[in-house]
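Before any questions on how it binds or moves, here is one chain, the form predicted on its own, in structure tokens.
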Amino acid sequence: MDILRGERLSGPAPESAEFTGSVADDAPLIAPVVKINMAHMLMLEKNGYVKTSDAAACLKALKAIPKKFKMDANLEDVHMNIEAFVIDRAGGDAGGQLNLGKSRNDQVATAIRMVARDKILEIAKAMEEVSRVLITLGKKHANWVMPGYTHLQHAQPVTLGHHLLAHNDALQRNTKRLLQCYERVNACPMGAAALGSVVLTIDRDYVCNMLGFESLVENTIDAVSSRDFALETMSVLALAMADLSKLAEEIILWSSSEFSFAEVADEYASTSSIMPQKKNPVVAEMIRSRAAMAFGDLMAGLSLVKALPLSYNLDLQDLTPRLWDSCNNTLASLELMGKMLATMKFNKERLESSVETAVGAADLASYIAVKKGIPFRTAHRVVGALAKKSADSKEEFSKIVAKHLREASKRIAKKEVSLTKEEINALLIPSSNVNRKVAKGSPSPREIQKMIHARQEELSEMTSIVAKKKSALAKAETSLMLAVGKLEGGEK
């Protein structure tokens, strides 16, 4: 007899079973579904709904399920495949009790959360590794002056360390978001059954604790129908991939002949099938591409749930592979980005030679406004006129300032302004300019060192959080397996 369709329905058409089944996407759920069934069976036996011998037979069968469990597509999903296996191993009387007091609806919601929480911690750890590399590079290159950009045009002088720390700060915010999201993911739906719980006096808290969850999804309708935990996870991953894509884009630009700021290691590059001189930063290009996939997965998920009536609908089944796709692409991208960054070579000479004195123009305008008593907007016009003169004549901006500041200020500000050579150099020589920046978070090496220290502390704190959460899950799994062992052995 078909254990699912029973006397109610005849067998499905093969094409219908293939279209509606989820076996192809259920492999990640095998281990959590086994654990869920174990915890649920222990609870049923504890509460007197299943005989100890029947519970022991079911638990023994569940333990026998291999990691590479081959599933039958005709049984629709992982849940029915595992139940069929247990019935076959433990017998109909014992195995037939496996689904007492629960449904595929609460079970699948729980299993997805269990996989998602593991993936979140794995991704958070990968984020931490990239942060660690960025912080190390930031410290190493705290004094390497380079042009800062707006609109991809030279703007103000910064340092490579300052620039890399900006990428790190975005990444660390995403790590924090992910760990905050974990708290909402790690909530247990078990006990909701199909949507309205069951008439049995089940112990939801017991199952929740046995499975390592921190809380319950209390409302039983919400428990089976909500997938906001998945969408929130995918949202954070999409944000992370957007930031990672920006970093990848800069690596691609910096690797070009026009920039020549950096070179990726051979292991993360490719060449052309026809042009043997080429070295293409293909890993960075694919990370940029994977970001688009993360956005697509999120949009597909949002579109999927936007008009579903409560509670469970099979449409939700199609959200799960989108979640796996987001997690796997993000994890792979982070792991490769960390390795690629750690092996990159930066061209100090090229970085420094790219910074013209004109990038100090904003600071020159501010200095004139404060020191010479001219409104900033007027000083801005004066310096703008000098910048145009430099661009038109192709003469170094600092030299133009030394020659023509007096005339330009008299014409525009109606006030003759002059600066010493020392003042001009302090403002317009890039390294001097950077060192003058004393505001918190500015590109001066002193401020960079402060930021590095703070980021290292934040990183240590997040690493500790991830370790504690992993430890809590491991402890819960140990408790579950000890309880299974005791019941199997006839201990009470």
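Numbers for residues come from their place in the sequence shown, where the first is 1. Keep in mind that what you see is a predicted model, and the values were worked out from it rather than measured.
The next section is about a form of this same protein that is not shown, the form predicted in complex with another copy of the chain.
Peer 1: Looking at 67-75, 405-413, 129-137, 114-122, which one sits within 4.5 Å of another copy of the chain in the model of the complex if you count heavy atoms only?
Peer 2: Careful reading of the contacts points to 405-413.
Peer 1: Considering non-hydrogen atoms and a 4.5 Å limit, which listed residue (Asn186, Thr220, Ser398, Asn81) is close to another copy of the chain in the model of the complex?
Peer 2: So the residue touching another copy of the chain in the model of the complex, by this definition, is Thr220.
Peer 1: So in the model of the complex, is another copy of the chain close enough to Ser442 to count as touching (4.5 Å, heavy atoms)?
Peer 2: Yes, contact at 4.5 Å.
Peer 1: Please tell me whether any heavy atom belonging to His141 falls inside 4.5 Å of a heavy atom of another copy of the chain, as the geometry stands in the model of the complex.
Peer 2: Outside the cut-off, so no.
Peer 1: Is Arg455 close enough to touch another copy of the chain in the model of the complex, meaning at least one heavy atom pair within 4.5 Å?
Peer 2: So Arg455 counts as contacting another copy of the chain.
Peer 1: Just to confirm, Glu258 within 4.5 Å of another copy of the chain in the model of the complex by heavy atoms?
Peer 2: Yes.
Peer 1: Sequence order please: the residues of 185-208 with a heavy atom within 4.5 Å of another copy of the chain in the model of the complex.
Peer 2: Residues within 4.5 Å: Ala194, Leu195, Gly196, Ser197, Val198, Val199, Leu200, Thr201, Ile202, Arg204, Asp205.
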